[in-house]
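This document starts with one chain, in the form predicted alone, laid out as structure tokens.
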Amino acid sequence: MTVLGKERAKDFEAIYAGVSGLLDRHQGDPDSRAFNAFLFAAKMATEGILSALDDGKPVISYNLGGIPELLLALGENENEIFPFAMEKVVALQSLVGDSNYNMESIDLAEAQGMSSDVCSTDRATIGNLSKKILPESLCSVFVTAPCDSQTVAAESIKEITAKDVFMIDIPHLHGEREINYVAGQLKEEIKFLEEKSGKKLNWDRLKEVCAESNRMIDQALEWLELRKTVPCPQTSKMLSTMYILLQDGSGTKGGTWVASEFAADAKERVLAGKSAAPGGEKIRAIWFGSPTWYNIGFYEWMENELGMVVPVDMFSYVVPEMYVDTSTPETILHDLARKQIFMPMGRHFTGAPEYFVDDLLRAVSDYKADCALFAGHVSCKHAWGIIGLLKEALREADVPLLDFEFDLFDPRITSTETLQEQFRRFAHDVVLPRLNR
């Protein structure tokens, strides 16, 4: 098929055909309300990218740690700029398309000299740029969170596109001094964006955009509160999609609608007494680290075979510090800086190890979990660096831990079958015997 009646790169054909097929398959399924909302958003996001390619709309790119609010407020009218989260294509390809295209892009980036130590998210994105399938940007805005791979990718993107990249330095600590430091950089970012786009920042619309972001955070926090219910009412695979929503949908009515569907679905299932595990919930686990996006069905396998449910993970770790006070331009910039610092994954991987460990322990307590899962993405060397501290903290808290290595986009690193065997042993040899005692 051709997407929207036009000949496309096969990469986009796979995404569009995949998400359309999934929507057709799940349409009308009462158990798929939340997933359908995500699929609808994924389809709209794909069509948005393709429209930007076709219509020549001005595009400004940003990386996976970034947020779109400032970009949405550029120009006198709405939607004068298309904010493009570059790694979104890689995520969509993995979740609803064909992972073979991601592996092809990863291999292309490595063949051009990019180190295999760089995150596969960035290697695949660089490969996609080299294929020339992504919209051409006026410029890019990058944050140094959640890891050094972002800095490497920014340099590569600048070289490939010959367009300027504005880098925001996310500090190691998360106090008031650090928030003000990032807010100062946001002021410089605004000057950069106005110069490169030829459009002024509309402060009135920025206030509206941030108010919409707050409404989405409201829904996300309600959703997470509902997922504390025992048994957990909603499948674990929905969790990691919240990160995509925060990155790509913040400040948009569509993003707020998707989050509201997540919450409404969870509420319906709580009231009906439904469990995410068809055979009954046996184990509650907190998953901290990257998701198995190369096989999102892995979570359903956990629920079906092991009765293991994840009520919250690192990619869905939304906190009230992500609200924005819209009273004045100063409070907006201050709180956008705080939101940027407190974004999931960036909060945990850029800062001190205590942020990661403390949030994991808090999640174990708040969600009444029986164990923890350290999902060690192979490129997250910074995360593996704190594994000793994490094990010690969980040992003191008497919380069993499974740590495992894999790649969130590349199934060649660790196969699904290998992960399944590790999870079976952990569930049957460690967690269930403890619970049965």
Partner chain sequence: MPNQEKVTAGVDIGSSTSKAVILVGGKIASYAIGPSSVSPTKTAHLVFQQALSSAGIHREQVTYTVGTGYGRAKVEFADENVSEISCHAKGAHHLLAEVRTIVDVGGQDTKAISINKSGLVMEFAMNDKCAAGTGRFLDFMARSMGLEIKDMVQMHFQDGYPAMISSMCSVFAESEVINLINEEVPLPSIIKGLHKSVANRISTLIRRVGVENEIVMTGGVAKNNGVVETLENILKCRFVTLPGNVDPQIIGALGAAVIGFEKDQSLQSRTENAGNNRGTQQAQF
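Residue numbers count along the first chain shown, from 1. Predicted model, so just to flag it, every value in this text is computed and none were measured.
What follows is about the form predicted in complex with the partner chain, which we do not show.
Student: Among 397 to 405, 375 to 383, 53 to 61, 38 to 46, mark the stretch whose residues have heavy atoms within 4.5 Å of the partner chain in the predicted complex.
Tutor: Only one stretch qualifies here: 397 to 405.
Student: Even though the partner chain is not shown here, does it sit in the predicted complex so that Y181, K187 and N202 each have a heavy atom within 4.5 Å?
Tutor: Not one of the three qualifies.
Student: Does F426 reach the partner chain in the predicted complex if we count a contact as any heavy atom within 4.5 Å?
Tutor: It does: once the partner chain is placed as it appears in the predicted complex, F426 has a heavy atom within 4.5 Å of it.
Student: In the predicted complex, does R33 have a heavy atom within 4.5 Å of the partner chain?
Tutor: Close contact is absent here: in the predicted complex, R33 is far from the partner chain, nothing within 4.5 Å, heavy atoms only.
Student: Just to confirm, K391 within 4.5 Å of the partner chain in the predicted complex by heavy atoms?
Tutor: Yes, K391 sits close enough to the partner chain in the predicted complex that at least one of its heavy atoms falls within 4.5 Å.
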